[in-house]
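For reference, the chain that follows is the form predicted alone, supplied as structure tokens.
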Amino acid sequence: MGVAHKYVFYLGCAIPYRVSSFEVSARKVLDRLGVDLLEMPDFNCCGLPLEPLSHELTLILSARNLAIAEQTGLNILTLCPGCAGTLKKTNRLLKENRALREEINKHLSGAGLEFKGSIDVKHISQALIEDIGLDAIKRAIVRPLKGLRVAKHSGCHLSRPKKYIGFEDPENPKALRILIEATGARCVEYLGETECCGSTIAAIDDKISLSLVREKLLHVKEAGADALITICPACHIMYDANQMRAERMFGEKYGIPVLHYTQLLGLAMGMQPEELGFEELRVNPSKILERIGEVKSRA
């Protein structure tokens, strides 16, 4: 398949160091879909963690990334909804507010940079639906996951605040469901689908965050899902890496494999688990791999 789309790839902070399986699987499936990724020549934190402390510093950090990407002439593609949301918000604020843009550019000028507002920012889910398209995704499927039942967790930053994101309905997010169904898998409904994963409060009150993890996993289990599918590194960490912590805290067993959407898509494209970073998953994924084998054998 030839190159159909090209983006400058913004990885952010968490994924390279804590959730590299997301990056590995994303690169694999995007390459299969004919997407060319240009590495950001330089980048810094998107600024999201500093928003509560300094809105101006958040804008400066975010605008620096945008200005660097503008030099490539390509739109940004990112895997992290938090990064996507922060970059989208800054991009829109600076495009619409000339005085603010001039003020931020004063700070950037010391590094020889200038924000011009010439590009857009897209999370991978948005790019898959709006640019690459469901038809292209379905054409790349060689192992439809029919018979597989999975639950989705879209996360918060992919749709909130709607004013700046402009992609999903916060009360009824559909993008991840649509993308899951493109693989042939069934996306089951469950209680509390739009509830937060608890990541943002984890450093303040561990028990509250793990209580949210517990509640989500119990509802997913009650729905009879074979796995939980995420599209956000922070959400994935909460449900995969912290699932065993929640089990110990509450004396329960959930046993819910948690996959990045790109891993699910890669499996449907016929790729092997070791190509998609499955060895990094903390919750043993053998249950879903066996399930896929059973589904395939009956096909």
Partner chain sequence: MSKDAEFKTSRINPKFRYEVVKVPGGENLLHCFQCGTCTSDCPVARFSEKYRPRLIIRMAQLGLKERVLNSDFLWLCASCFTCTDRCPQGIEVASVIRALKNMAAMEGRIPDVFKVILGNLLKTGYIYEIPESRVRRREALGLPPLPKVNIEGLAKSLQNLDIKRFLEVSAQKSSEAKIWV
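As the structure is a prediction and not an experimental result, all values here were calculated from the model. Residue numbers count along the first chain shown, from 1.
One more form of this protein exists, namely the form predicted together with the partner chain; it is left out here, but the text below deals with it.
- The partner is absent here, but in the model of the complex a heavy atom of Ile201, alone among Ile141, Ile201, Ala136, Ile129, sits within 4.5 Å of the partner chain.
- When the partner chain is considered in the model of the complex, only one residue from Ile119, Cys156, Ala151, Leu176 comes within 4.5 Å through any heavy atom, namely Cys156.
- Looking at the partner chain in the model of the complex, residues Phe43, Leu53 and Ala234 each place a heavy atom within 4.5 Å of it.
- Taking the partner from elsewhere, Glu279 is found to have a heavy atom lying within 4.5 Å of the partner chain in the model of the complex.
- The partner chain in the model of the complex comes within 4.5 Å of a heavy atom belonging to Arg245.
- Contact annotation: Glu181 falls outside 4.5 Å of the partner chain in the model of the complex, judged by heavy atom distances.
- The closest heavy atom approach of Pro161 to the partner chain in the model of the complex falls within 4.5 Å.
- Looking at 220-228, 119-127, 191-199, 142-150, the stretch with residues near the partner chain in the model of the complex, meaning non-hydrogen atoms within 4.5 angstroms, turns out to be 191-199.
- Looking at 82-112, the residues that come within 4.5 Å of the partner chain in the model of the complex, counting any heavy atom, are Lys89, His107, Leu108, Gly110, Ala111.
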